[in-house]
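Quick heads-up: it's one chain on its own, the form predicted alone, in structure tokens.
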């Protein structure tokens, strides 16, 4: 299957995509992870992308499309997390899948209210050593600023600061939400409530892709 997970930043797509990929034995492609790897590696692409990401803006279509197309050539099963984010990206994806002799099978939309998203995102922190995730409000470390697992220093991403979060949500509404309407016309969209315990949300996701 070729599955797309849509939803605003902080809706939990990445967490659930990783679990679904393991359960369904599908490749998990996260454009966010791919871009952050480029930033960490100090590549030219990473330097270009960092300027947009730190402001909460979307990385230009041509950059993202080029990254994704290289991963879709064989037409194998995949979960796309964070792509497409614009109509142009959705159209480019359709063309790439057509060339590979496949198509999108299911689109799942993660629904979460904006107030909940700001709370989730502005509280996120990650260990600079082992990359363990935390939420300073709902799942804080035992010692402030210190990872429970390895003792590394916790840090927040620049785009998870409250002002950047609100901008990311505004950008989402302006540029990414129309993608949902694009796929609704195909009759392949399933909407799930993405608020609740991880197992509850996964159960809704698994039912939606059947």
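Note that the rigid core is defined as the largest set of C-alphas that superpose within 1.5 Å between two forms. Residue numbers count along the first chain shown, from 1. This structure is a prediction, so every number in the text was calculated from the model and none was measured.
Same protein, other form: the form predicted together with BIS(adenosine)-5'-pentaphosphate (AP5), not shown, and the subject of what follows.
Contact annotation: residue 148 falls outside 4.5 Å of BIS(adenosine)-5'-pentaphosphate (AP5) in the predicted bound form, judged by heavy atom distances. Looking at residue 71, you'd find every heavy atom of it more than 4.5 angstroms from BIS(adenosine)-5'-pentaphosphate (AP5) in the predicted bound form. Contact check for residue 24: no non-hydrogen atom falls within 4.5 Å of BIS(adenosine)-5'-pentaphosphate (AP5) in the predicted bound form. With a 4.5 Å cutoff on heavy atoms, residue 179 does not count as touching BIS(adenosine)-5'-pentaphosphate (AP5) in the predicted bound form; it lies far away. This chain appears without its partner; in the predicted bound form, the one residue of 76, 138, 98, 128 with a heavy atom within 4.5 Å of BIS(adenosine)-5'-pentaphosphate (AP5) is 138.
Note on the interface: of 40-48, 180-188, 58-66, 148-156, the segment with non-hydrogen atoms within 4.5 angstroms of BIS(adenosine)-5'-pentaphosphate (AP5) in the predicted bound form is 58-66. Each of 11, 14 and 201 places at least one heavy atom within 4.5 Å of BIS(adenosine)-5'-pentaphosphate (AP5) in the predicted bound form. If you take 95-130 and check each residue for a heavy atom within 4.5 Å of BIS(adenosine)-5'-pentaphosphate (AP5) in the predicted bound form, you get 116, 120, 121, 124, in sequence order.
Once both forms are overlaid on the rigid core, the distance between the two CA positions of residue 110 between this form and the one not shown is under 2 angstroms. Relative to the superposed core, residue 60 undergoes a Cα shift smaller than 2 Å between this form and the one not shown.
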